[in-house]
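A single chain comes next, written as structure tokens; it is the form predicted on its own.
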Amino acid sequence: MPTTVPSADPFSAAPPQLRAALARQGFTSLTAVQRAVLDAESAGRDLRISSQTGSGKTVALGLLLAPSLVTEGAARTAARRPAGPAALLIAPTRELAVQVGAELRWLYADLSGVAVAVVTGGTDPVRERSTLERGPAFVVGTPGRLLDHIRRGALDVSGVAHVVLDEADQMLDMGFREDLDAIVDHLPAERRAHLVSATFPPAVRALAGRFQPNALHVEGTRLGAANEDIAHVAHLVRPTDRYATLVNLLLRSLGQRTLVFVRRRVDATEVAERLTEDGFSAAAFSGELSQVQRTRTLHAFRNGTLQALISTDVAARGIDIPGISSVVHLDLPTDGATYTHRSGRTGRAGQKGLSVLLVPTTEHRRVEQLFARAPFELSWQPPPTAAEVRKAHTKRTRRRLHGLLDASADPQREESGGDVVEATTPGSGDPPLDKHREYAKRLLEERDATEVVAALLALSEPPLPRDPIAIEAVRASGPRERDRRPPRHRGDDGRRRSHQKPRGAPRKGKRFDKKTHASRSQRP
């Protein structure tokens, strides 16, 4: 069982050299997975770490490897010469590798001699070789680029004491098994190996058995347990109403980050262009973008310039952007594991999140089968109507009004109901209402107070990017009606034939496995 961190010193279990960095980053305590890897039973063992997405696994790895790197850093400082890395972390995507590298850099900022380098596909290999020549103690990279540097002699892995496979399930899904095997073949036999995965389907368990035959399984959260910070909602819609429902969802959550999933690159582009034409700040995110474009798009989404990011599954793997309020599955996930990774982009680090499935009527039964064994409750709700969208917009405006009034009464108060309200007018040190007070008194002397306030409320409500779309509610059919098969019919040759599923119809889905929160093939 994980040790309990004393409230008087929330970082007492962490290496002393990292406590100041944790405090600077705003940590007030360690998460469950971070405490678990620091448990006394974990010392000196290969770890197989499972925990929900957004639970702090990267920092947990940093805490785990710190003692070894402290010693390594001191040796490198004394030797004053470059050396190969002491730790190697393999990530499935460029974005995840960059994010992991950034997390480790602030965590190790106070460790002398411990530099972190990131090498990924899509970046300049010559510049990366120059970085590797300076002898970073920790190298993070994607499988293909790491293997390329190893084979070319630019990356010496003979001194690696720790190797980490991050998001192992995703790496197998993306076809990196051969690259992983080749990298491991170059590593020294005497080294510790750690594996991190949000789900543990059979393929991952088989890889773990070869990679670390005698590992300690560490659970930050119980394997298969649902993230209680995520609400799971399904809207049953006509196939032709999927885009309209997406529009209404974005209007209802205006000003909040939304990640929208589609299956194909072309769909990401088309949906993003259509949303842009409708007045939304949206962009596509897929594998066809260059690294510079991907970085720029993610930065715009992170800083709030973009409200909606339309992404394929592969491109979104490893995205770790705080404050994604909702995930919308415009195209349905193929199985439970895909849904787990998609929905895990929201509800991170203790924040509340929403995962919304747009279920065409033709897919209703398959979705019910897919989620029959899910470790959470899927709430079926009607899609947001145009009236509900307008009502939500009015409430949002009124919350801002109350926040403004509160800020005027108490200039130190800058937040109300989740909406940030500036305490001062830009460029002025006076509260925002001061310059209007004299005119307000005149208005109230000359006009009816109720009419004045009503007119100002109407003016204060900003226009929506576009009008919400009227969506006709779809009533779910009962079990008997859904199970009814189309009548048998006679073909052109006069023979009786049973109804044939049209070409391109969806196959039977995969169900959630309660034990792994992954998926398994549905039994007939």
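Treat the numbers as computed from the prediction; the structure is a model and nothing was measured. Residue numbers here begin at 1 and follow the sequence given.
There is another form of the same protein, the form predicted in complex with the DNA; it is not shown, and what comes next is about it.
Enquirer: Exactly one stretch in 243-251, 435-443, 198-206, 144-152 has heavy atoms within 4.5 Å of the DNA in the model of the complex; which is it?
Expert: The contacting stretch is 144-152.
Enquirer: If you check R94, H393, R257, H162 against the DNA in the model of the complex, which one has a heavy atom within 4.5 Å?
Expert: Only one listed residue qualifies here, and that residue is R94.
Enquirer: Tell me, out of S286, Q99, T297, Q212, which residue has a non-hydrogen atom within 4.5 angstroms of the DNA in the model of the complex.
Expert: Only one option qualifies, and that one is S286.
Enquirer: At 4.5 Å by heavy atoms, is each residue in D46, L88 and R191 next to the DNA in the model of the complex?
Expert: Result no, not one residue of the spot touches the DNA.
Enquirer: Please tell me whether any heavy atom belonging to F176 falls inside 4.5 Å of a heavy atom of the DNA, as the geometry stands in the model of the complex.
Expert: F176 belongs to the contact set for the DNA.
Enquirer: Is T312 close to the DNA in the model of the complex, meaning a heavy atom pair under 4.5 Å apart or at it?
Expert: Yes.
Enquirer: Decide whether R76 counts as a contact residue for the DNA in the model of the complex under a heavy atom distance cut-off of 4.5 Å.
Expert: Residue-level check for R76: no, no contact with the DNA.
Enquirer: Whether R264 contacts the DNA in the model of the complex should be assessed with a 4.5 Å heavy atom distance threshold; does it?
Expert: Contact with the DNA, yes.
Enquirer: In sequence order, which positions of 113-127 have a non-hydrogen atom within 4.5 Å of the DNA in the model of the complex?
Expert: Sequence-ordered list: T120, G121, G122.
Enquirer: Once you account for a change of 3 Å or more, let me know if L172 and G209 sit closer or farther in the model of the complex, using their C-alpha atoms.
Expert: Closer together, by at least 3 Å.
Enquirer: Knowing the shift is 3 Å or more, I'd like to know if the C-alpha atoms of M174 and G209 are closer or farther apart in the model of the complex than in the shown chain.
Expert: Between the C-alphas of G209 and M174, the gap narrows in the model of the complex (3 Å or more compared with this form).
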